[in-house]
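Taking the form predicted alone, here's one chain by itself in structure tokens.
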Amino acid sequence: MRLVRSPSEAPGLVARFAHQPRAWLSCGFLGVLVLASILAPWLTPYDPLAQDLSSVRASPGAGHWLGTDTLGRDVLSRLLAGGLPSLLGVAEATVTAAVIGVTAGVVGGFLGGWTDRAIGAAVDLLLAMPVVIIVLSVLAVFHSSMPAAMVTFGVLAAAGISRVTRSATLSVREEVYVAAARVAGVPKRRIILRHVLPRVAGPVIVQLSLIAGGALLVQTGLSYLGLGAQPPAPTWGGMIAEAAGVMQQSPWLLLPSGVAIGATILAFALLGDAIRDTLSDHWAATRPGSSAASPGGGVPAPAAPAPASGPTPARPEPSRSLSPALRIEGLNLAAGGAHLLRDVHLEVLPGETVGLVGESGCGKTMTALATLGVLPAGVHLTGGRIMMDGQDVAGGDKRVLGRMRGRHMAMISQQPMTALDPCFRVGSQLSEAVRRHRGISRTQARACVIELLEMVRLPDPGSVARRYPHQLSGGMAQRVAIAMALAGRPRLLIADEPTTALDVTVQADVLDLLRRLQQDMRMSILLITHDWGVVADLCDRAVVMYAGEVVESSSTEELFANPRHPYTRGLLAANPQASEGRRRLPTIPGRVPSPDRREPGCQFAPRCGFADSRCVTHAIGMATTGPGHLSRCVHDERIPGPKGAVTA
């Protein structure tokens, strides 16, 4: 027996919504109510304004199903006729609150900065206003206009919606898939509409359902006070006011309008909860038994693609006659009083693969994020340039940088599952990137999606395109992330430890895939990694970072054969792949200094056996130690051959 449905068999949003009793009960009631209110002129058995003084306060019966009021008017007819004005007022208030509140909350939460502060100040002002007094003042100014009162109520209620939406947006904007969409070149407005709004819809819908009920109560209260539509026009609030005057003689008259109001408010609340729960189930990142790799599942993990026959393709020679695909000059980043990056120089030539190596926290990923212009909050540029196609993307126009993302440069992360939006199928996300960068139709984009999935050697690309991210294995998700990065045919691909979360077999496949894609597309790759084996296998040059600084740079062969910085030598000696059967690997003593405690001299000096007074008194620059070989060390001539480790 199959335990898991395939993607094509999984129930959709409508099916999951309809399976909830409260959903179809609330929708059924509200649907009948709206339809009856619209068709009231044709459904009412009597004119709602017609009086029959011979049949005053009649009990329910065959002639009058809900009885008559104090003037002999049919209660059922007046109840149906008063439904449409009441529902229109609810709609006016709810739509106003949704448009203003959701827009303000999403924009403020997503953009932050002065925009968020300005919107927050306006929201605080609205929250401080007395709702009842403001609404009564509007009714006095606009001659008891109920639409004006409901719009005013919606504006005031928008403040609460804005707070809820902003809070949810602050959480969603930190998701990796939102950063991935920015890196892919997706405009902010589209990220908000497609990737942020769906994830904040649940709590917002619940709040809107409460506002709808509140609007109906406010409207009823105003009508009860004789404001808004004037008698003899039928309104639910007016019917309650008339029944309250004769409650001792005819208590029944309170029931029809009271039950209608109470049931409508309850239906709004149940509908909001049902929609919220449906969206939560649909967008859950994982579901029991739904993994593509689950034993016995209906979506089995596809077999790994067979390795290509023939020898491994040779690396394309980097073109040194053209301008660099990326040039970083003197990059400095800071966060508060901490110096994250200092004087970082880096160059990637067209068709070249450069490996960026170093311990965790040395600044590799921060360098990549600075290149893409997606630095975390609180981190800012304090100096340097990042040149691409002759433009400084670090200090240039943000719109230019936005256009370059995805087309000129793209990125794949070490955790592809978090870089994919769980709300949408794989094909939908790839199509978004393709249409953004190539300006083609939906039909053409679908064909390009299949082509991209075939390019990254995924079996049955049509089936993969119909799956959600949680239905992919880790290797498949990484290939999808690579396909998304290639959607805009970038000149530079930044790969941030693309094989870290994968097993050894899949790692080899992904590295082989990157090598072949580079050969086919002639693109440059900046590869961030801890693995010296990956550097040796894939990279033309290697750049070593330590404590936010580049400490050595050279060709890969030269770096392995003749490391000229003690830190590089220590890393190479601690490489398990080069242990040559030794029981215990040598280690580098000490710890990396924290960013807020870095000294002006050599950052590696406290851990280096060659350190002396020259290493700690002044900053040390990069020096040429050979053709194309740079090192940030004053003792490079004292460093022994490639064997052994540097110890204190």
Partner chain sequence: MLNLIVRRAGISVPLLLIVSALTFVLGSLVPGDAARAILGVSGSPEQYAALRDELHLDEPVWDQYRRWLTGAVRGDLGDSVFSGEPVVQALNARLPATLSLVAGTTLVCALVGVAFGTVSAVRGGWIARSLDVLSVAGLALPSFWLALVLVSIFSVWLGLLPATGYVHAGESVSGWLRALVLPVVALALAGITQVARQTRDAMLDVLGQDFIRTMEANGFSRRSIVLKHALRNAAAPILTVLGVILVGALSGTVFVENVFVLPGLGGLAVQATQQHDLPVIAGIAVYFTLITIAVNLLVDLAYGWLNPKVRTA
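Just so it is clear, the model here is predicted, and its values are computed rather than measured. In this text, rigid core is short for the largest set of C-alphas that superpose within 1.5 Å between two forms. Numbering follows the first chain given and starts at 1.
Below, we turn to the form predicted in complex with the partner chain, even though it does not appear here.
- When the partner chain is considered in the model of the complex, P422 lines it closely, a heavy atom lying within 4.5 Å.
- Using a 4.5 Å cutoff between non-hydrogen atoms, E92 does not count as a contact of the partner chain in the model of the complex.
- The partner chain in the model of the complex is not approached by G105, whose heavy atoms all lie more than 4.5 angstroms from it.
- Under a 4.5 angstroms non-hydrogen atom cutoff, the partner chain in the model of the complex lacks G439 among its neighbouring residues.
- Comparing 250-258, 83-91, 380-388, 97-105 against the partner chain in the model of the complex, the single stretch with non-hydrogen atoms within 4.5 angstroms of it is 250-258.
- Screening M545, V449, V348, A410 for any heavy atom within 4.5 Å of the partner chain in the model of the complex leaves a single hit, A410.
- Between the partner chain and the residues A338, L170, V138, M455, the one pair within 4.5 Å by heavy atoms in the model of the complex involves V138.
- No member of the trio L517, C608 and D636 reaches the partner chain in the model of the complex with any non-hydrogen atom inside 4.5 Å.
- Taking the partner chain as positioned in the model of the complex, the residues of 196-220 that bring a heavy atom within 4.5 Å of it are, in sequence order, L210, L217, V218, T220.
- Put the two forms on the same core and the Cα of D509 is off by less than 2 Å between this form and the one not shown.
- Q603: CA moves less than 2 Å between this form and the one not shown after rigid-core fitting.
- Once the rigid core is used as the reference frame, the Cα position of E242 differs between this form and the one not shown by 2 Å or more.
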